[in-house]
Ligand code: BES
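Before any questions on binding or motion, here is one chain by itself as structure tokens, the form predicted alone.
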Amino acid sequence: MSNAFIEQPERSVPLIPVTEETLEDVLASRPERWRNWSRERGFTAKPDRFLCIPSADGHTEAVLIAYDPGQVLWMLASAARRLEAGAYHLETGGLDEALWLPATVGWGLGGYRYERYRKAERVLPRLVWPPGVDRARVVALVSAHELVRDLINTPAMDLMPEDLAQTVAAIASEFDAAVEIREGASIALDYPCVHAVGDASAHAPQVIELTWGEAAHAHLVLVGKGVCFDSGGLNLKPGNSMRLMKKDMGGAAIALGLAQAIMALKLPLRLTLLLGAVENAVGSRAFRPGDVLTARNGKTVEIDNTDAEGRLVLADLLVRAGELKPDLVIDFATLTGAARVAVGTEISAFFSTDPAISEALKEPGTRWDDPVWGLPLHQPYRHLLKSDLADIVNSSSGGYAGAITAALFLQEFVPEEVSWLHFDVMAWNTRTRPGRPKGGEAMGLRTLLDFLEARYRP
């Protein structure tokens, strides 16, 4: 992030936005050699492409940046990754000032690289800060995405519950937030489901609670599933299904990234962040199919499948969230494959008890190209979670409506009077696109930050 942007240097190369419709008009006002160069190279301003215009002395004189007017966020994202090192500035003449901010954010997102284990071979270009752009908002958004991506991309060997807790503690210190970290046997009574899921691991389960903001403000609680690695437990996953399970803490990463952005932008909120960090391992202390657990609110849960562990972690945390009497609870989890079947890997499925909030998410999701899609909390499917022994079973054995039944399970632990959003996300890009490299992704973060700003600081 620190290398993505630069103050005005002595020389910088202009980035000139063009579309398929405006290309000829832009070239008409430029030297004839620009038009010749463009035509000889067959440049037609297809989105996500650019053309470097050489000067007479062999330097790059300018860069034509082709973009989709409907996706200004990614205007500069491809160039941020592929241009040669040096300083560049956005030629803003003719570009609506409201578009400067998303374009700048897109540049920052486009330059992301995960370099913990292998350093990049080339230096990336830097963008001169456009005049008047809200730098704090750009930094908040880009830094939050980098945090989320880094956490999800990190292998489990270097990101276990204690490591996630240390990351939260460092961020809390940066923003003068309070943090309480409880681990191991000390959580067995207060967070019994979290403890049961993580007890078989050599890495003690942790419950992390961060608080920030003034008590007089509306209270937002963010909840994240932090399964740092998911073997499936005794219902062991096959190898190909286990390969990416370092990303099963993606919900916690997104919740933490959103919390960091909220604090960085000083939104007028009372914020609580609740993360359950565990490893779902196989061992002599592993919970078993057929066991009955008692959650924080006293409800008993029969275990049908130990690979449906994330909802158990969230159950205890959602009870805790409700005890705080918040204005809104939002949880994030890489919870079900069924959600991926329903909406694919690039849309965030969500469930809500507040129709007005569901409607309010549509516009920012489109504007920030961070699509979210509401699925129904269809109460008649609650019968699929009936248990012969306990209040509820943790996983429906029927095989249908898996994302919905998982959400219905979670709803059992949320007070009726609390507005609640549940996000079931992939948290991973399966392909590389401009600004969105293959790997960990902060799905839903841009949409929700925009929504929260509009709701609490219009």
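These numbers come from a predicted model, not from an experiment. The first residue of the shown sequence is 1; numbering continues from there.
We do not show the form predicted in complex with this ligand, though everything after this point is about it.
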| query | finding |
| --- | --- |
| 4.5 Å heavy atom contact, K246 to this ligand in the predicted bound form | no |
| Touches this ligand in the predicted bound form: R367 (any heavy atom, 4.5 Å) | no |
| Partner contact for A338 in the predicted bound form: this ligand, 4.5 angstroms, heavy atom | yes |
| 4.5 angstroms heavy atom contact with this ligand in the predicted bound form for R82 | no |
| Listed residue (L109, A308, V148, A172) with a non-hydrogen atom within 4.5 angstroms of this ligand in the predicted bound form | A308 |
| In the predicted bound form, the residue from R182, H89, K299, K237 that sits within 4.5 Å of this ligand by heavy atoms | K237 |
| This ligand in the predicted bound form: contacted by all of D230, T334 and S395, heavy atom 4.5 Å | yes |
| Which of 269-277, 204-212, 308-316, 321-329 lines the interface with this ligand in the predicted bound form (heavy atom within 4.5 Å) | 308-316 |
